[in-house]
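Below sits a lone chain in structure tokens, taken as the form predicted alone.
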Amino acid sequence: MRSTPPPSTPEDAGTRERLLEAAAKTIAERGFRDATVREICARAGANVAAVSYHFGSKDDLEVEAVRWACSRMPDAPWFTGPPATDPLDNLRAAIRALAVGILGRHEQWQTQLMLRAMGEPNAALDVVVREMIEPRVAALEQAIAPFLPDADARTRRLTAISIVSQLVYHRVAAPVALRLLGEREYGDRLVDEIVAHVVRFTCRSLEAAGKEPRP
């Protein structure tokens, strides 16, 4: 991936930021294959040559646009703060932190961009997995570890993915899930209810694996 030098002037920085936003939103609407450099530049109010100047290629612009979008999504401080002393409190905090990132209030284009990245796998998806998803799954694995002391790394990874998948369903199938629950949106009350359910479900699964955590 091309290493882009920092913009040399405030005007350059402004153009680069507009290109990132325009690319992220255009890809969200049209997909990676159908979003053209010309359309992105028109949306950003920039010359077509600006993509080559700031990013080197359309592929590199796509990667940086997804990275830019990821940096603007909600997150929880648990991922960078010290873990709780009690393993069960730490597990609860981990699941809640994931819920904030997955079910927190996103603009529609942010959700659509992530769906585009998963539906059209390319280097941009590698960035999402490596820089956004992998660190959070690894942190969740650490929270799981006290309940699965004899499990190997593969089992911990599969367990973490199972937990994450319970939350991801509510994001990728939100219209279906909301109708099934008789809800209109993922407000704070519903997110709290989902977190509590996932914690209970996870505890029962871990208990079946040989431990006895209680929610």
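Residue numbers run from 1 along the displayed sequence. Model, not experiment: these values are computed from the prediction. The term rigid core refers to the most C-alpha atoms you can superpose between the two forms while keeping them within 1.5 Å.
There is another form of the same protein, the form predicted together with another copy of the chain; it is not shown, and what comes next is about it.
- Contact here is defined as any heavy atom lying within 4.5 Å of another copy of the chain in the predicted complex, and by that definition each of 34, 162 and 208 is a contact residue.
- A heavy atom within 4.5 Å of another copy of the chain in the predicted complex is found for one listed residue only; from 187, 149, 175, 45, this is 175.
- Think of it this way: in the predicted complex, another copy of the chain has a heavy atom of just one of 143, 97, 125, 103 within 4.5 Å, and the residue is 125.
- Contact annotation: residue 202 falls within 4.5 Å of another copy of the chain in the predicted complex, judged by heavy atom distances.
- A residue is said to contact a partner when one of its heavy atoms sits within 4.5 Å of a partner heavy atom; residue 166 meets this definition for another copy of the chain in the predicted complex.
- By the criterion of a heavy atom within 4.5 Å, residue 38 is excluded from the residues contacting another copy of the chain in the predicted complex.
- Among residues of the shown chain, residue 134 is one whose heavy atoms approach another copy of the chain to within 4.5 Å in the predicted complex.
- Superposed on the core, the two forms differ at residue 35: its CA moves 2 Å or more between the shown form and the other one.
- After superposition on the rigid core, displacement of the C-alpha of residue 157 between the shown form and the other one stays below 2 Å.
- A movement of the C-alpha atom of residue 171 falling short of 2 angstroms is seen between the shown form and the other one when the two forms are aligned on their rigid core.
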